[in-house]
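Just one chain follows, in the form predicted on its own, and it is written as structure tokens.
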Amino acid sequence: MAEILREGNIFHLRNDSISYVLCGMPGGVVAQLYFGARLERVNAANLLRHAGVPADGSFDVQESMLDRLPQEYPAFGLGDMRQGAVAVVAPDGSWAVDLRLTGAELPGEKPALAGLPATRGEGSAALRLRLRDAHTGLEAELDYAIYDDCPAVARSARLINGGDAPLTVERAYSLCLDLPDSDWELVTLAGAWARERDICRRPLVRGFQGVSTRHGASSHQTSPFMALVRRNTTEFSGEAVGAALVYSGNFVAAAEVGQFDTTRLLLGVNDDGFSWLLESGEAFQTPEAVLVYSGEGLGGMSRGFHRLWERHLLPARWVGRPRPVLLNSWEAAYFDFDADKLAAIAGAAAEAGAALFVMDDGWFGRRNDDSTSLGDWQCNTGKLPGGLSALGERVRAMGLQFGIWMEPEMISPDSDLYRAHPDWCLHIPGREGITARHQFVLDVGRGDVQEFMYEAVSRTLRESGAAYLKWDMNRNFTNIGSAALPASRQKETAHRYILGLYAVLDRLTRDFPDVLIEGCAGGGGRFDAGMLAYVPQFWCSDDTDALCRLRIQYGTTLVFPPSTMGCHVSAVPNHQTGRTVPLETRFAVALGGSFGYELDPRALTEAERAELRRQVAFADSTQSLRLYGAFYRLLSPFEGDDTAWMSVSADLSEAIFTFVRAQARPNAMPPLVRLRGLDPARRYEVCQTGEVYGGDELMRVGLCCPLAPQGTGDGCSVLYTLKAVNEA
């Protein structure tokens, strides 16, 4: 159970697995004493002594003791020479901040954040610290929550102008974590379009290091996540501290190793190109940051994140629910379709046993390529006679649900919307607009733009009767300016955009709770915890090549559970790489997430169509186990040609195991893979072979994976289900 112990000004947040300890020092500076495995008791004097602070906690700020002290919410400029978490400019131009503790509250369960997604408070214990800077009147509320069932602590900050004069926030990070040593390695996720979420691991060095984005979205290039791991930490053992931001825009995730070889972790909204004007009485809320601790390696950290997102963040209506096997029209037809062609593809999907047909881009305005009509969300009846309702009814008559693609945040220069409202896009007066993919970005921070987006999407959902919406976003921000803001507030534009996006999504998900929304941003360019608070799954990448997907999906699971990953079987030769991978392996890889197809079944052979029917039946029957079982990465595609993973049911009675070899090897022995997460005292039958093994044997010796008959070429795979058997 989660609890918060208070002894004077020492606050100890703990549950069955972790502890987080902080202390209000004499004079009011808040020190951070510990984050890690659960402690029964804490000797604050011992921990402070390490920072050079006397046992009574007294120290002299004038002697720069702040540069040694581990702190909860530090600022640069008054003795701490490290990077700070907060910077505010006063009317006199000074920007030093000195926040001192004025009070503490235990509000019970964690409160919601105004205007921002965050983990839900059920099953949590919460703490709020109140701090104040006497010079400027700046006040801060630091909120903490610890959960009954997850090795996680959530943190956020709310800055309030308690003075009479305006203040300008120039930095407001969500998280600072000071650790007493630097014997760590930094793990981040990096990539590009179609190559998202490569795992990067490197030793910490003295100085400032980390990742950030200024793309407007959390981006293909990196992810609002970082982890510190000990040098001997593996997938299965050792310490790992993970930090993730529940936010979808520009961010910083950084570590600083200081002169005393201590490590400071910082995570929050990117302060490059950011500021926020606070008039007297106004407040700024930071996004929520989440810390996860594992003593069981990177895998334990990942399962901690997975449990947290599934139980406390994802839309509650979709948690644990089955996801429909879908066929998406994009790689089957691109823009070249009419109602009859779509109906024929949908009919083939229904014959295979799919539950959902999704019409992708090209159904609106004059949209026959990507150069026009974004914003003109009226059906092209030349392509679809009778409109969306007619096509939707036609698809539903086949026993399928109907889904639709939209890109509501974008506007084409060649559109009626742009001709009517050229000021609705992000732009800087006097500068030529920069298009990407022939489109501009709407200024979603504006209330009138938000209203337009909501009405366009809600009208489309009502007209089509769609049960599924693919919400896309295909370009980065440029010309970042807003016609709705004065000069003094232009640096608020990017953050206001994200707040506006959340407002629209919050309204839509409340008004259309039964519509399954899948997020997309040129693939996985905005795959983050902020979006997952509204959309229970996200299109993992526009690269549908199964062998490329091994790395992309493996890296994604470092932070996010399989249920959140949209994964499809695509046609061969693959449309991104030109590679041909066996159908069985494309299927095995796509089963790693929310399953579907990205092809035209009519182009397949009869034998392949029969295989699709078997695949869909298997995908449906294993959904609960695949999507919601405890997930274990076994072999990494970043370390060799072999990749393996498995999911285990909560009662340890079932498991599903996947092995893929990207490149064939001559004269090689069959691989032997050690499994994880099983009950060592039980026996398990491999359903595909009928063989029975002890759980201890599978985990300590391994499971042999014969690759024939596929094993004569690249991209061969093994897919096994395991069930516990009763002893005779």
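One rule holds for the numbers: they count along the sequence shown, beginning at 1. Please read these numbers as outputs of a predicted model, since none were measured by experiment.
Keep in mind that the form predicted in complex with a small molecule is not shown, yet the notes after this line are about it.
Colleague: Would residue 474 count as touching the small molecule in the predicted bound form under a 4.5 Å heavy atom rule?
Modeller: Yes, residue 474 is a contact residue.
Colleague: Indicate whether residue 520 is a 4.5 Å heavy atom neighbour of the small molecule in the predicted bound form.
Modeller: Residue 520: yes, in contact with the small molecule in the predicted bound form.
Colleague: Mark residue 361 yes when one of its heavy atoms lies within 4.5 Å of a heavy atom of the small molecule in the predicted bound form, and no otherwise.
Modeller: Residue 361: yes, in contact with the small molecule in the predicted bound form.
Colleague: Though only this chain appears here, would residue 247 touch the small molecule in the predicted bound form if you measure heavy atom gaps against 4.5 Å?
Modeller: Residue-level check for residue 247: no, no contact with the small molecule.
Colleague: Non-hydrogen atoms within 4.5 angstroms of the small molecule in the predicted bound form: do 330, 437 and 539 all have one?
Modeller: Each of the three qualifies.
Colleague: Only one of 446, 470, 427, 312 gets a heavy atom within 4.5 Å of the small molecule in the predicted bound form. Which one?
Modeller: Filtering the options by heavy-atom distance leaves 470.
Colleague: So which of 405, 452, 293, 632 reaches within 4.5 angstroms of the small molecule in the predicted bound form, heavy atom to heavy atom?
Modeller: Exactly one listed residue reaches within 4.5 Å, namely 405.
Colleague: Tell me which stretch of 90-98, 520-528, 142-150, 298-306 has a heavy atom within 4.5 angstroms of the small molecule in the predicted bound form.
Modeller: Every other range fails; the passing one is 520-528.
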